[in-house]
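Just one chain follows, in the form predicted alone, and it is written as structure tokens.
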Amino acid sequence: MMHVDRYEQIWIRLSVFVLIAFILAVLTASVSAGIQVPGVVQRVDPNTVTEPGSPWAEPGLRELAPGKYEAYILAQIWVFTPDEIRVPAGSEVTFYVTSKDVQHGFKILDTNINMMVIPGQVSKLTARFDEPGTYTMVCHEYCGVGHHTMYGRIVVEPTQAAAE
């Protein structure tokens, strides 16, 4: 049996404790902050992604049920299509985003939506918009000389009950 010095045992136990504390802190923070990891939902052909029959042929917002929406966003050099989405406050929106040309980023400020948009890959994340206001969508991955002009917005409108 191997002998470990008492001070080494203390440092080993302290290191293990700190490691466990960090893991628990990350798990707790991710659950309480609603952090989601964007996933690859499907693969598409970037050359034919806008052909009839594809949801990106006419990208935009689709209502699934009251307060539940799907948003199909197409990123292409220097523009998001659509560049504006309007939903009532309290809505839950699932974003399906893909690129037709080069790698882009997709971030909605003041939400947990932040993902890479890669040609041929569909990324998906969901956000709830409880507060009325305007949320800016930006491309955070350099995509060419007009990158700084690539933005859009989500307008969250007050509900009728809140307005009265």
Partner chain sequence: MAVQSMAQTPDEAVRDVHAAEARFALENTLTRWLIGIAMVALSIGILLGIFQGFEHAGLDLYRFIRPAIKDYYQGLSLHGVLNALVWTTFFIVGFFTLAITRSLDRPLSHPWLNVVGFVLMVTGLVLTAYPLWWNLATVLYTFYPPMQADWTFYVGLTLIVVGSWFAGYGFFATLIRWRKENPGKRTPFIALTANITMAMWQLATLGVAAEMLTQLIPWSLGLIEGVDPLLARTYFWFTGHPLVYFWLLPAYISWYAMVPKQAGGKLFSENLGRLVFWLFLLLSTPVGFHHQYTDPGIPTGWKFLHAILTYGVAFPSFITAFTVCASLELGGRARGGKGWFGWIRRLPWNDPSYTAQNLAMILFAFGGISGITNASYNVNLAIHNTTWVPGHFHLTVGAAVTLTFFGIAYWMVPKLSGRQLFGRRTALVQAWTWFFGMLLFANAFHLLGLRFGVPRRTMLGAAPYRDPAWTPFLMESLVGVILLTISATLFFYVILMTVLAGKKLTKPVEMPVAQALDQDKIPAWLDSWKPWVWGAIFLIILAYGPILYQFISEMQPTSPGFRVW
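These numbers come from a predicted model, not from an experiment. Numbering follows the first chain given and starts at 1.
In what follows, reference is made to the form predicted together with the partner chain, a form of this protein that is not presented.
Trainee: For the partner chain, considered in the predicted bound form: do all three of M115, V138 and Y142 come within 4.5 Å of it, counting heavy atoms only?
Mentor: Looking in the predicted bound form, the three residues M115, V138 and Y142 all sit within 4.5 Å of the partner chain (heavy atoms).
Trainee: Does S30 reach the partner chain in the predicted bound form, with heavy atoms at most 4.5 Å apart?
Mentor: Close contact exists here: in the predicted bound form, S30 approaches the partner chain to within 4.5 Å, heavy atoms only.
Trainee: In the predicted bound form, is there a heavy atom of the partner chain that lies within 4.5 Å of any heavy atom of I77, even though the partner is absent here?
Mentor: It does: once the partner chain is placed as it appears in the predicted bound form, I77 has a heavy atom within 4.5 Å of it.
Trainee: So in the predicted bound form, does L109 come within 4.5 Å of the partner chain, heavy atom to heavy atom?
Mentor: Judged by the heavy-atom cut-off of 4.5 Å, L109 is in contact with the partner chain in the predicted bound form.
Trainee: Quick one: does V44 come within 4.5 Å of the partner chain in the predicted bound form, counting heavy atoms only?
Mentor: Yes, V44 is a contact residue.
Trainee: Residue by residue through 22-44, tell me which have a non-hydrogen atom within 4.5 angstroms of the partner chain in the predicted bound form.
Mentor: In sequence order, F22, I23, V26, L27, A29, S30, I35, Q36, V37, P38, G39, V40, R43, V44 come within 4.5 Å of the partner.
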